[in-house]
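What follows is a single chain, given as structure tokens, in the form predicted on its own.
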Amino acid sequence: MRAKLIAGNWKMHLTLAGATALVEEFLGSYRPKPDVDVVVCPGFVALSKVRSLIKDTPLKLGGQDVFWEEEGAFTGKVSPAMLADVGADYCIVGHSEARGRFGGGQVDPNLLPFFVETHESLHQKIEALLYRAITPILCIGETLAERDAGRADAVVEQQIRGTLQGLEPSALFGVVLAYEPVWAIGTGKVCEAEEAGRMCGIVRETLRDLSDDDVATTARILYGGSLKPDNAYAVFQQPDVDGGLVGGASLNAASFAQIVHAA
């Protein structure tokens, strides 16, 4: 049986003081379970501090992105070696916000070219993370326009194939996938539990076709996108959903604890 995985993506929120307060409050109500893994993904500047706060707990640490080179003249980038050195166990890659695919009007359209993540760059990042024994959490998902056009399944399949094509099944054992419909991220729009489960099933079948039954059966597939305490339990009941990638609700200790409890 696949252990559930709940990952909190703090995005661009919290100073060191805020990160400290959030972790301490969460730990006050967190009750570890052997079949539920919990990861917190703070901003880069808070990674070391958060690691020190959770070092004697079952909580795991995750980065929000990575660059694929170990070192070099890449100003502003964070390498897999740096993540490994600070103790990161997981790293998010390919989040829709890194791809320039936003659910609302967060960014001026003229600035969207700033976000230029591609299948090729994601492939490089995943290989680099696996080399450092850091588990990638690969995000995939469609926009509202793509869903309305009846292309949701095809877009998700294309994203998986475009990124993971060429990786050996042995490598794919170390990858977590997170289905996050772009239209439900930070918008308040809700993907019904049954549809979330169906889309995660598409992810699993694509992974099976790309690799083999063993990889598809053991891979953990998460759902993300306005995941909250009031809908988490129904989503986690879906047979192909193995947990959640939690955004806004992970910034509230009580809400995040309730989601973990639902898992």
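Computed from a predicted model, the values in this text were never measured in an experiment. Note that residue numbering begins at 1 and tracks the sequence as displayed.
Keep in mind the form predicted together with ligand PGA is missing from the figure; the text below concerns it.
> If contact means any heavy atom within 4.5 Å, which of 72-80, 153-161, 178-186, 114-122 contacts ligand PGA in the predicted complex?
Replying inline: Selected range: 178-186.
> Taking the shortest heavy atom distance, is G225 within 4.5 Å of ligand PGA in the predicted complex?
Replying inline: Judged by the heavy-atom cut-off of 4.5 Å, G225 is in contact with ligand PGA in the predicted complex.
> Taking heavy atoms only, is V241 within 4.5 angstroms of ligand PGA in the predicted complex?
Replying inline: No, V241 sits far enough from ligand PGA in the predicted complex that none of its heavy atoms falls within 4.5 Å.
> Would V23 show up as a contact with ligand PGA in the predicted complex if we use heavy atoms at 4.5 Å?
Replying inline: It does not: once ligand PGA is placed as it appears in the predicted complex, V23 has no heavy atom within 4.5 Å of it.
> What residues of 117-145, in sequence order, lie within 4.5 Å of ligand PGA in the predicted complex by heavy atom?
Replying inline: Sequence-ordered list is empty.
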